[in-house]
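What follows is a single chain, given as structure tokens, in the form predicted on its own.
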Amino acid sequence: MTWYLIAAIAIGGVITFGLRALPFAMLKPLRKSKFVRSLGEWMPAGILLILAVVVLRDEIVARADQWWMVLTATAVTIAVHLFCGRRVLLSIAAGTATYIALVNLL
């Protein structure tokens, strides 16, 4: 009975290790690809853009009569980001604080 459990754990460990190592093994020949490198440069910004558009759309749909608050907070976020040295956390905090203040005070 004990050998059966040890064999099952060992086989599970080998399969888990193989499944985790497989993507890295497959990626190694692709690292020299110009397409993969350009994907690595553009994909994070593209995903962030898609996420921002979806969140803004959902918020505008949810608060159709207060759409200007979303646009104001977005404008504050962009302005702080551009004029304060492209500090991401500062611009996100300023935009979030602006939106929360507008929603709660108006």
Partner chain sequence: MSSAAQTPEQGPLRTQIAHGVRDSLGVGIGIFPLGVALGILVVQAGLPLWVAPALSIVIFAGSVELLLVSMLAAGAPLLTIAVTVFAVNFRHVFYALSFPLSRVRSGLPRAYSVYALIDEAYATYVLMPAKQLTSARILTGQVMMQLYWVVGGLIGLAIARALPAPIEGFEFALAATFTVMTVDAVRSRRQVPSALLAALAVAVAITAFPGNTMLAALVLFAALLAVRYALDARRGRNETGDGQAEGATE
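None of the values given here were measured: they were computed from a predicted structure. We call the rigid core whatever largest set of C-alpha positions still superposes within 1.5 Å between the two forms. Residue numbers count along the first chain shown, from 1.
This protein has a second form, the form predicted in complex with the partner chain, left out of what is shown; the following refers to that one.
*Asks:* Determine whether any heavy atom of L19 comes within 4.5 Å of a heavy atom of the partner chain in the predicted complex, and answer yes or no.
*Replies:* Because a heavy atom of L19 falls inside 4.5 Å of the partner chain in the predicted complex, the answer is yes.
*Asks:* Give a yes or no for C84: in the predicted complex, does one of its heavy atoms lie within 4.5 Å of a heavy atom belonging to the partner chain?
*Replies:* Because no heavy atom of C84 falls inside 4.5 Å of the partner chain in the predicted complex, the answer is no.
*Asks:* With the cut-off set at 4.5 Å between non-hydrogen atoms, does A7 touch the partner chain in the predicted complex?
*Replies:* Heavy-atom contact with the partner chain at 4.5 Å: present for A7.
*Asks:* Classify W68 as contacting or not contacting the partner chain in the predicted complex by the rule of any non-hydrogen atom within 4.5 angstroms, answering yes or no.
*Replies:* No, no contact at 4.5 Å.
*Asks:* From first to last in sequence, which residues of 76-106 have any non-hydrogen atom within 4.5 angstroms of the partner chain in the predicted complex?
*Replies:* Heavy-atom contacts to the partner chain in the predicted complex: T77, I78, H81, L82, R86, V88, L89, S91, I92, G95, T96, Y99, I100, V103, N104.
*Asks:* So with the core overlaid, does the Cα of A101 end up 2 Å or more away between this form and the one not shown?
*Replies:* Superposed on the core, A101 moves its C-alpha less than 2 Å between this form and the one not shown.
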